[in-house]
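Next come structure tokens for two forms of one protein chain, structure 1 first, structure 2 second.
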Structure 1
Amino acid sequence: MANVVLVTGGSGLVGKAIQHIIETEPEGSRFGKKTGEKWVFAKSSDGDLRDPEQTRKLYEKYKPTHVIHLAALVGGLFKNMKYKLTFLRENILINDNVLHASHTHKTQKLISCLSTCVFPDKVEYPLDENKIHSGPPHESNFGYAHAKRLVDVQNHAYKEEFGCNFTSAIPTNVFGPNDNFDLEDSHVIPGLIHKCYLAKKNNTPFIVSGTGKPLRQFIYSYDLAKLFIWQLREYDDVEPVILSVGEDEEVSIKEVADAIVKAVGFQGEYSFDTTRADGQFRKPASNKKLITLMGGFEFTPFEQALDTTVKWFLQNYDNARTGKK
């Protein structure tokens, strides 16, 4: 029987990146598809994963031997703060249904996608895989963070009670083609790309919120896709793995904005609104475990990845998720 890999949240940033890698890497290579293997990229219209019945039907239809579970209710800071219960409840339902269906349909392996926001608010840096449950998450998104933490708890419980090969990945800040560029509700890179594009188009100043000093680790979606495929093929432990560039690869928001200005070809007035809050200064995560297990990995240089993302946005502006429909 050939393997069937089901990717939930298949139309999102990471799902589309995995699809790109599966379609472009040589068959049988480390990050390519295996001979005879079928990949299914499910989107929300294929079944509402909050509903156990629809989740069961999706599994019955495709009979996945392997699952990469990316589907989640996500939003920016404002939404997370306003709808804590909604984020908690809907993500608990989605995750519980996917994990349960993976168990009842005897799926051989399941990788769920967590987020670095699962980590405690007050914690010693760098973050590593052993610190997830060592204190409460940040107040601003405790609903979402707790729902994601619970996946790790369930993975351990399924393994102990039923021997299931369930695990999870914890990516840092992801960016790339097919991102959400909605100005109201996007992460920092896609938000700034869209803002800079509009400033160029309308001949207005490009103003970045905050001082530009905070540091972040950004991972290019196509790199992350390869790491998910690696984890699917070669990692069989219940403990999560942080999928990230090294802590020495932190980039300041100013460096991000500078690179965007260059990639967009913006030549107007460009400044920082220092009256706006900066958020956390830095929250570095260690990728030691990943690199030790993989024996090294070639990450795409940040500026090159950003350039590709900006080009994609400019070429696909009419169909991109911009919130301007």
Structure 2
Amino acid sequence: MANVVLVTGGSGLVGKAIQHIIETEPEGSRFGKKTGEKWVFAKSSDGDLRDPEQTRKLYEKYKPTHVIHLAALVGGLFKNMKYKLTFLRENILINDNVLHASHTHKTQKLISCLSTCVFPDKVEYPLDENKIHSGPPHESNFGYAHAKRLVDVQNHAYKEEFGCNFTSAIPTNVFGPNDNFDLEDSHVIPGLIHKCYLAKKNNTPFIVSGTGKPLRQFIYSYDLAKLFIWQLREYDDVEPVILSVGEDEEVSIKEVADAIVKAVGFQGEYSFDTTRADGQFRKPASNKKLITLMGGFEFTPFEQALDTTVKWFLQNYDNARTGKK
């Protein structure tokens, strides 16, 4: 029987990127589809994963042999700060239902998606896979962070009690086509692309939130997609893997804003609203484990990936997730 790979959250930024790679890489290649393999990219209307019954029905319908579990309530700093309990509860419900259904339906392999914000805020840098539980996460997103950390605990419990082949991936901040460009709820790159586009269009000031000093690592969604496919094919261990560019690729929010101003071609006034939160100052993650296991990986240069993302946004503005126009 051919493998059936179910991607929960298949209609989002990362899900669409995996779909793009699976549909464009040569069949049988390292990041391509295997002959006879069926891929299912599920969205919330295919089954609300907060509901155990709808989750069970989704598994009954597709009988996945493998699952890449991306579905989650996701948002940027400002949305996380506003809805800590909602992020905690909804993500705990979604994750518990997916892990339980993967167990009861004897799924051969499950990869869940965490985030580098799960790591402790106060810990020796760089962050690596052994430091997940060694202190509280940053207060700005502790709801989401604890829900994601719990998945690592659940994976170990399912493995010890039932021998399940459950593991997880820990991406850094992601960006690319099909992102959420909502002005308030989105992450920094899509949020600033949208704000800069409107400032250029309306000849108004471009305002970046915070001081511009925080540092972040950003991975292009299409690169991350290849790394998920690698983990699906070649990694069978319960311990998580950080999926990220190198820690030397950290950039400041000001550098990101400068690159967006250049990519959008904005020439107007550009300033920082320091009354708004900076959130966590930095969360530098080591990708040493990944690169050692993969034998190397060529990441897309940041400015090239940003250009592609801006072009996608300008060409798809009317259908993109922009929240309030």
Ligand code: NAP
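Basically, rigid core = biggest C-alpha set you can superpose within 1.5 Å across the two forms. The first residue in the sequence of structure 1 is number 1, and each one after it adds one. The structure presented is a predicted model; accordingly, all values stated were derived computationally and were not measured.
A.B. asks: 1 or 2: which is the form predicted alone?
C.D. replies: Only structure 1 fits here, because that chain is the form predicted alone.
A.B. asks: After the core is overlaid between structure 1 and structure 2, has the C-alpha of residue 37 moved by 2 angstroms or more?
C.D. replies: Where the cores coincide, residue 37 shows only a C-alpha shift between structure 1 and structure 2 that is less than 2 Å.
A.B. asks: Taking the rigid core as reference, does residue 51 move its C-alpha 2 Å or further between structure 1 and structure 2?
C.D. replies: No; that C-alpha moves by less than 2 Å between structure 1 and structure 2.
A.B. asks: Against the rigid core, is the Cα displacement of residue 246 between structure 1 and structure 2 at least 2 Å?
C.D. replies: Moves: no, less than 2 Å.
A.B. asks: Give the C-alpha shift of residue 274 between structure 1 and structure 2, in Å, after superposing the two forms on their rigid core.
C.D. replies: Displacement of the C-alpha, rigid core superposed: 4.7 Å.
A.B. asks: Superpose on the rigid core and then read off how far the CA of residue 210 has moved between structure 1 and structure 2, in Å.
C.D. replies: With the cores aligned, its C-alpha sits 3.3 Å away.
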